[in-house]
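Only one chain comes next, encoded as structure tokens, the form predicted on its own.
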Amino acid sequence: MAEIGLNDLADLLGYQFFQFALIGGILVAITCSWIGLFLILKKQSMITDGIAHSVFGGIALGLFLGINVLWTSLATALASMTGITYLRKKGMAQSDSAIAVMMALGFSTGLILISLAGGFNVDVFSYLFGSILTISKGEIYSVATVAILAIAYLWTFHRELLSLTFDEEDSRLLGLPVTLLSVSFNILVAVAIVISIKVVGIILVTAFMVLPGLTAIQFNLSFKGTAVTSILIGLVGVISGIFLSALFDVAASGVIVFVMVGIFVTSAIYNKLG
């Protein structure tokens, strides 16, 4: 896309690809900002990085076999999450080590498959670095379905998840279905990572999920206030990032995360001086 002027930005809203980018970005921002907040509170932020990199293997598998990469990516993400959980619970590896193992396995598998397929191509790079402006109608439906289910789940079980986040043993004594909640939340994380890869790519997905919640926590609000603030920061990052990327003809994924980093740094400085 060629660099455009300010007067042309409004005209972009008339283009379907730009509408899809905004809709998809907004839905993913709401979902990932909320989920990311729980991951931060659980001190498991880096699990997003491990799963995202392991998904590279699923993407490569889909491209290699010529099938829909969404399904191979989801299968890989769920397998990676299961592997991390298993290694951790069995004491075979600490959390960060378990993440490193699955990340290495998934990414190395992807590299092997890409090599067998004859090397990298545009499709692979779009998954590595994101390509929100090329999101299709079918992908919008997939993202919308996941977002609606995720929001409904988080809204319904946010109290239980919060209790589980801070004290798993007390939650078990209170009669909460700890195992079911943990498994369902892990599935939600894996699916959210897959849909967010289209927006910011494998490389930046961790920042995309973590920065809104990390910034919101600095304001010392109630959990509800923190969740709302996290979502708003995610929305500001996505919407402004998409428009700025069109204005200056730069990668949307980089601008989105850059805006979020800017908000985080500004908030940190403000809180420090205040």
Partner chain sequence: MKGKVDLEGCDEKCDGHQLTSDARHSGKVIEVEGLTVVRSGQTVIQNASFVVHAGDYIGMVGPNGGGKTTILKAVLGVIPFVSGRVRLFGHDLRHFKDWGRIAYLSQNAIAFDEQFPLSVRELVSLGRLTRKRMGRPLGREDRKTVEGTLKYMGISDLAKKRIGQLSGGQKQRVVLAKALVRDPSILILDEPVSGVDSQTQERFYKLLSDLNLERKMTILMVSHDLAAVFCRMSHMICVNRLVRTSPITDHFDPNPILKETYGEHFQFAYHQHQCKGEFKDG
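Since the model is a prediction, treat every value here as computed from it, not as a measurement. Positions refer to the first chain, counted from 1.
Omitted here: the form predicted together with its partner chain. The next part is about that form.
By the 4.5 Å heavy atom rule, the three marked residues T72, S136 and E139 all fail to count as contacting its partner chain in the predicted complex. Picking from 221-229, 204-212, 25-33, 46-54 the stretch near its partner chain in the predicted complex, with a 4.5 Å limit on heavy atoms, gives 221-229.
Taking non-hydrogen atoms only, L173 approaches its partner chain to within 4.5 angstroms in the predicted complex. Contact between D123 and its partner chain in the predicted complex is not found at the 4.5 Å heavy atom cutoff.
Put simply, T165 is close to its partner chain in the predicted complex: some heavy atom of it is within 4.5 Å. By the criterion of a heavy atom within 4.5 Å, L41 is counted among the residues contacting its partner chain in the predicted complex. Along 136-164, a non-hydrogen atom within 4.5 Å of its partner chain in the predicted complex is carried by T156, F157, R159, E160, L162, S163, in order along the sequence.
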